[in-house]
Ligand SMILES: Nc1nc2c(c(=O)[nH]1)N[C@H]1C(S)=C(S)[C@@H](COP(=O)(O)OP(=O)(O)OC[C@H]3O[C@@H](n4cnc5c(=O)[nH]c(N)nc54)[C@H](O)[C@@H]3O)O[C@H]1N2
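Have a look below at one chain only, the form predicted on its own, in structure tokens format.
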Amino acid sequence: MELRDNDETHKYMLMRGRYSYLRDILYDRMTKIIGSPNNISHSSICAEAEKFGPYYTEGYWGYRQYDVLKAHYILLWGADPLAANRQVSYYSKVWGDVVGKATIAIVEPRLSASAGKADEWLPIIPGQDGALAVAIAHILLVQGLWYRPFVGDFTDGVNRFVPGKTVDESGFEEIYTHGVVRWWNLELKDKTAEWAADITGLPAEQIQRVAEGYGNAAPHAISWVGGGPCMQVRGGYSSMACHALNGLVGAADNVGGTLVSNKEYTGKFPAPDEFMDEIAKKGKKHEKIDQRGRLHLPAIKSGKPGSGVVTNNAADGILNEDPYDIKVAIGYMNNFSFSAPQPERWERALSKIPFLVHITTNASEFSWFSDIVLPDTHHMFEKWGYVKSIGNGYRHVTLMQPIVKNVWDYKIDETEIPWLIAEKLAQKGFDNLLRHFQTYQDPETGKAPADEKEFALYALKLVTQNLWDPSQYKGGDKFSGWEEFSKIGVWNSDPYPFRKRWGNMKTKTGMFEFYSETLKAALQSHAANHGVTVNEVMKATNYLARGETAFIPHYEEPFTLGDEKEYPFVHVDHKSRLNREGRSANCTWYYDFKDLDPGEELWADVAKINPIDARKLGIESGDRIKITSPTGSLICTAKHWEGVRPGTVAKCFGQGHWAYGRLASEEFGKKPRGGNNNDIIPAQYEALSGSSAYYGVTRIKIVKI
């Protein structure tokens, strides 16, 4: 109310972490009606750069699914389906069948759980994925292994893709793709296996073998793009290059290939517009605190400059009061002061906010800086909500519902807490939010909610009505009504409609774009917003591309902090199959079973060092070491392990909490158990998507202590 009285509603901020799809009540509607632009999600410390490549080639911004049981070749890029991907349980179940049917190759500097089950392990120099991807594309074209029913062919049937030679575009007739010859001429013609070998640290023979194996499996050949190639400072074009391989072999939207999401039919909440008064409308027009859309931070989600989020940069916006200061903030199911690179910036930023609230199931580092901690319900069995997932050719909408009685006084984050806040605001003379929430009527009875519990239930019924109401049926599982839907608990889509998007992709051309007219339009729009050229955008975002290269998948030398002489190793960050986003660190089983991950040790936090490197430093397994980067340091335990590439050090994310519980920290609030990887990862960005850079971004040094 003070912010409203002072025309400062833009100085309110909502920070979102893990969520259900009732998220927009708290994240979007409440923030807009209060009058702030500052709904900041965790998305760009998650996977936005991973979505960049598929969007600017085939017009899909989202997670993909993979038809693994019908694939003949699976090429994994920094992805680990058995440990750190969506549907780990499913892939653990079927991977034995997959291994028996398909050749599996994995590009990863360390021997991951999935690499241990692969036919080919390509221990690449961190950051050089783009070089390997364009070399594979070169080989596919030179060897004539592209999938002609999707890509097309030379009009006379003669393959003119000859190393070092340009090709006349008019002689190639494309079918469902755009710009394959231009891509060859601008980028691929000189990118041989021998060229890539020097850059990637991989044998040219292996590069050739993998490329030919992948091409011979077309169209049932998956190029599975994980975070490794993408969440780098110059990872956007690596994301495109790795995903473009799916287009060359006709695997996009195909059986045994890579798929988008099946259609689902959940609805949206009532629009907030009529409940936004002049104060709110004025506040909403302010620039966001994460500075997205500035020249150096395009954050071009789905082709729209400034529409993505730059989560980690919000800390600098708060610290520098740029474009203004933040006075009131709520965070829920998030812990940015641990989970974002250079988290000490968040500690200082959160300390600066006059009034901070944390909604959480358990105290964390973020809670330490909060004025009020609101206990949250547990997603699985204490709250109303729903989540959406994809995999194996189906879309699933799964209900969360209370199945136990609350033992203590805690509320649902996305529904009950906003309602209770709305009631208090109404008592103070601002009833807009409450009146908006009262429009969320029960679809069965037409009754408006009278309290927070009815609101939580009615909101869920309203937004899922198309799934359970037989009169609104649109596809997938069919139910007799809400009672049956809530009893079964999940809606499943119709099977995947393979090849339906061929020639109808959401790109500028409608085709799979090797020369991305979609990215070209987006970059030109961002450049026009700032009165500069696309070349100046490239320079501002730390990219090397100039001219038309900016519109195609291409190789960029990685941007890595630290002088090699002072910092001789490259840090390799990875996730544990037990992490589940890091919320396992206060559980005994996390430590009791830690050696499920290759190279890990029970009840320890180890940095895995190749014995060749460790012996040069006089470091033995079990030694306590300090790892330092140009921006921070951590303390952990050394482990000799041949499963990491020489010149690199691999350490699992997840430990290093100083305020997460009696197990997560050796001494709560004071002494962490292990080290937090983010303490040594600099706050750098893949600016075109807004993603934080985690891979190939920093060099480190090791000292025995």
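Keep in mind that what you see is a predicted model, and the values were worked out from it rather than measured. Quick note: we count residues from 1 along the sequence shown, nothing fancier.
Only in words, not in the display: the form predicted in complex with the named molecule, which the text now covers.
I need to confirm a contact call. Of Ser516, Thr415, Asn246, Gln232, which residue comes within 4.5 Å of the named molecule in the model of the complex, counting heavy atoms only? Residue within 4.5 Å of the partner: Gln232.
Of the options Ser633, Asn406, Asn492, Thr361, which one has a non-hydrogen atom that comes within 4.5 Å of the named molecule in the model of the complex? Selected residue: Thr361.
Quick one: is Asn85 in contact with the named molecule in the model of the complex, heavy atoms, 4.5 Å cut-off? Yes.
With the partner left out of view, is Pro343 within 4.5 angstroms of the named molecule in the model of the complex by any non-hydrogen atom? No, Pro343 sits far enough from the named molecule in the model of the complex that none of its heavy atoms falls within 4.5 Å.
Do Arg23 and the named molecule share at least one heavy atom pair within 4.5 Å in the model of the complex? Outside the cut-off, so no.
Find out whether any non-hydrogen atom of His640 is located within 4.5 angstroms of the named molecule in the model of the complex, and reply yes or no. Close contact is absent here: in the model of the complex, His640 is far from the named molecule, nothing within 4.5 Å, heavy atoms only.
Heavy atom contact within 4.5 Å of the named molecule in the model of the complex, the stretch among 65-73, 31-39, 44-52, 667-675: Stretch 44-52 is the one.
Residues from 363-396 in contact with the named molecule (non-hydrogen atom within 4.5 Å) in the model of the complex: Ser364, Asp376, Thr377, His378, His379 sit within 4.5 Å of the partner.
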